[in-house]
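Below you'll find only one chain, the form predicted on its own, shown as structure tokens.
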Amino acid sequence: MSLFGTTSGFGAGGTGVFGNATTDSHNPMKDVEVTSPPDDSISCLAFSPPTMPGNFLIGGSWANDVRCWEVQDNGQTVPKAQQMHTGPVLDACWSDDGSKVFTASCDKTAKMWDLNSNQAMQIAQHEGPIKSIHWIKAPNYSCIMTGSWDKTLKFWDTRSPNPMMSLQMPERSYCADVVYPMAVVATADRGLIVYQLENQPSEFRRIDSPLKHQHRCVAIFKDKQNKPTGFALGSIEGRVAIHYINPPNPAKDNFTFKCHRSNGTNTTTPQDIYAVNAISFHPVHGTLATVGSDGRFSFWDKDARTKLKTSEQLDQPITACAFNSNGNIFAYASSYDWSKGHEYYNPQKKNYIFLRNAAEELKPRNKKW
């Protein structure tokens, strides 16, 4: 019986002292818990690429570490290794062959972790914390792209201490995504820059933000031909923008939707509005997941403009999410994101990473929202 098949022996519901089902607020969806989660807030999650057999998950945290787990077919997770920075790890990604993991940190460095030798070496340096890191595999070059709070976007070939290229940005990098031949970076002050990566990286277009509040996360989506065609951008104001690069009808094709808000849209009671912390597109169906400071994940069909599912509320924010390469597993991290300030921080509270069977729930639908 496989967890990521049709049936699951996991999470069938706990039983309380009096024989009734317990309501478990840390895991209300009864998903599988990853063993040995990080000891501080989880900043990023990423699954191994399809070139690798099996499923491996990496997670970076504010405890200055990045961890790697093997996810077995029965849903069990086996901690494999970890590496440290001297500051919080803000982002991590895989090389296309799965042999290396790249990590970006508040210590102003990026490292390359060779999983075979379990050695990590510094491959990049900025003047400020590095917020995003992505591997670029082009026909004529491969490199790492780092976006920093020093307002630069740098490209590194991993063998030289100096960058191949450094591009100035108007503001600090807050989030980025890469799907060759396209990159998008969202910055402070609601900046939005699209880069083209063919031959060599260059700025393609600056876009007026479709959102009125601070950018928090961004994810590129593809068209039916598997080419990057636009991006989803999330803000701290419970809203996501779907933006196409060259739409036939911009006014009609580009739109925004509200999410991660409490009390519905009933205007008589004030609405609690939460940040959208991460967006991830399903690799097969092209549907998307959003996770928020409200402690919920939601699945959406952008083409039918439909919400597919919203989770029960966890007892702390969801800070990161990722799909595995075939789209059968959805991983999400539950940890405090400091969205309510230090008075809501409880050092006794554990951090969790959960795994959910995503095969069915992200299939597209055909009705408008």
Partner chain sequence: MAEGGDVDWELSKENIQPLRRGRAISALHQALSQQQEGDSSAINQQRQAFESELRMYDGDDPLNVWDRYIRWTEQTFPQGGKESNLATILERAVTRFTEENTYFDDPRYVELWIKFAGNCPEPLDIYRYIQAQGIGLKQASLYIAWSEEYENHGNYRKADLVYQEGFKKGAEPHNKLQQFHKALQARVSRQVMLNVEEDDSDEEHTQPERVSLAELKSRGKKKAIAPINRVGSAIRSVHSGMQSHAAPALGNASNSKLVVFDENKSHAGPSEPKLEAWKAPPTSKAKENEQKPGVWCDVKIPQKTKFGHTLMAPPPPKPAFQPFVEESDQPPTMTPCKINPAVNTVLSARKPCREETPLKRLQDHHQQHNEAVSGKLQEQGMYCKELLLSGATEFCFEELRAERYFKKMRQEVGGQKDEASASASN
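Residue numbers count along the first chain shown, from 1. What you see is a predicted model, and the numbers here were worked out from it, not measured in a lab.
Note that the form predicted together with the partner chain isn't included here; everything after this is about it.
- Looking at Gly295, you'd find every heavy atom of it more than 4.5 angstroms from the partner chain in the model of the complex.
- Taking the partner from elsewhere, Ser166 is found to have every heavy atom lying beyond 4.5 Å of the partner chain in the model of the complex.
- In the model of the complex, Pro129 approaches the partner chain with a heavy atom inside 4.5 Å.
- In the model of the complex, the partner chain sits within 4.5 Å of a heavy atom belonging to Ile273.
- With the partner omitted here, the stretch from 112 to 120, 73 to 81, 197 to 205, 282 to 290 that lies within 4.5 Å of the partner chain by heavy atoms in the model of the complex is 197 to 205.
- For the three residues Pro49, Lys154 and Ala219, a heavy atom within 4.5 Å of the partner chain turns up in the model of the complex in no case.
- Here is the short version: of Asn246, Ser160, Asn226, Asn140, the single residue with a heavy atom within 4.5 Å of the partner chain in the model of the complex is Asn246.
- Only one of Ser311, Gln316, Ser41, Asn328 comes within 4.5 Å of the partner chain in the model of the complex through a heavy atom, and that residue is Ser41.
- Shown without its partner, the chain has Tyr336, Asp337, Trp338, Ser339, Lys340, Gly341, His342, Tyr345 in segment 317 to 349 as residues with a non-hydrogen atom within 4.5 angstroms of the partner chain in the model of the complex.
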